[in-house]
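Only one chain is shown below, in structure tokens, and it's the form predicted alone.
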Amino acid sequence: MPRIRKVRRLSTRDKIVLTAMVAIPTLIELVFVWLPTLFSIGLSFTRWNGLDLTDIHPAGLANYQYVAQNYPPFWPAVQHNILWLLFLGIIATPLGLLLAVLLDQQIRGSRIYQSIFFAPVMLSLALVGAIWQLFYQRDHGLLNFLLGTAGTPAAVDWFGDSNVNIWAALVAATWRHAGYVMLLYLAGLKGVDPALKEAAAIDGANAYQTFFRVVFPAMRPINIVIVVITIIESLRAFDIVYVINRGTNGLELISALVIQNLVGEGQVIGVGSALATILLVISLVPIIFYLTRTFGKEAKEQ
């Protein structure tokens, strides 16, 4: 007769530890994330100079109406954020996937290449912007030197020309984003069961078919994470454009407009909060839509 094991009850000390492990992170997130978010949403419906709490006056939807109809940088910023998302999604993310696939082939010096491609990820976007300023500098930059135009009238001002600076900034952002995606996909590739590849090879599948029909679908959890990260990165891209020219002259982004209205002498708290709320909604909608569809399909398959 099998021996019945007694279920160990939690002691008072265990209950206190578990409660603290749940309560402390929840409290931190509540204080530093949710309360400021709700406070910002509330301020978006007010007029306030940011100094005296008694000077807060209700404004209804006036701030949102001003942003949509009378704030010139807003719609260019929306277009630039969409372009940023498309560029990261179509260029930077596939580039990171390609690097991961190549480095997963056990080539000589793979660890060194991984370190080289991952190094930009450890740098802040502000530092990335500073580095690429040296590369793109008009008179002494490396790019114009390689093109043979440095110090001549034909030299391109890559960050100063509003016709090309958004593309120059996107290349700089890709340098960092591709390394991050590469690392995540490398971890995903290591977790794929080798038996799946062997079964595909036995069935006569070539390398292309094996990857896109077997390996890539098996990395579905990683794909979800990367989609969410790509959306977030495209919408919170602030540091790099602020270092370049404070998010003006062709580099307008919603995140930069938020800072411009919340910080400095010309701060307009209501407008800045309205822009922050718009940015929050824009970021949440595609993420929620994608996750709902993804997990909905999984539920139906089960």
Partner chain sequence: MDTRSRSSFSPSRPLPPIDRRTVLKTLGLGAVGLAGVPLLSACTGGAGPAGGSSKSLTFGSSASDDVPKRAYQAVVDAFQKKESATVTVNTVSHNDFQNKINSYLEGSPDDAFTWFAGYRMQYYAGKGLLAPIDDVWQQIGSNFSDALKKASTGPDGKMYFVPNYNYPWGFFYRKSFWSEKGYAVPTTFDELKTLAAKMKGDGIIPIGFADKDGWPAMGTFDYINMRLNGYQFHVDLCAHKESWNQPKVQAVFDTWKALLPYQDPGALGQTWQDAAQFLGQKKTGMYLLGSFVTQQFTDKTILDDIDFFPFPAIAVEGQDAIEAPIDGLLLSKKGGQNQTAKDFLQFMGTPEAQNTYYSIDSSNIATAKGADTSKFTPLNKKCADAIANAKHISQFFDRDALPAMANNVMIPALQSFIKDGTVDIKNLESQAASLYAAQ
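It should be emphasised that the depicted structure is a prediction, and the values quoted were computed from it without experimental measurement. Positions refer to the first chain, counted from 1.
Omitted from view is the form predicted together with its partner chain, to which the following refers.
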| property | result |
| --- | --- |
| Answer range among 68 to 76, 191 to 199, 82 to 90, 106 to 114 for contact with its partner chain, defined in the model of the complex as heavy atoms within 4.5 Å | 68 to 76 |
| Proximity of E29 to its partner chain in the model of the complex, heavy atoms at 4.5 Å | no |
| 4.5 Å heavy atom contact, L125 to its partner chain in the model of the complex | yes |
| Heavy atom of Q209 within 4.5 Å of its partner chain in the model of the complex | no |
| Close approach of D139 to its partner chain in the model of the complex, 4.5 Å, heavy atom | yes |
| All of F238, I244 and Q260 with a heavy atom within 4.5 Å of its partner chain in the model of the complex | yes |
| Sequence-ordered list of residues in 148 to 172 near its partner chain in the model of the complex, where near means a heavy atom within 4.5 Å | D157, G160, S162 |
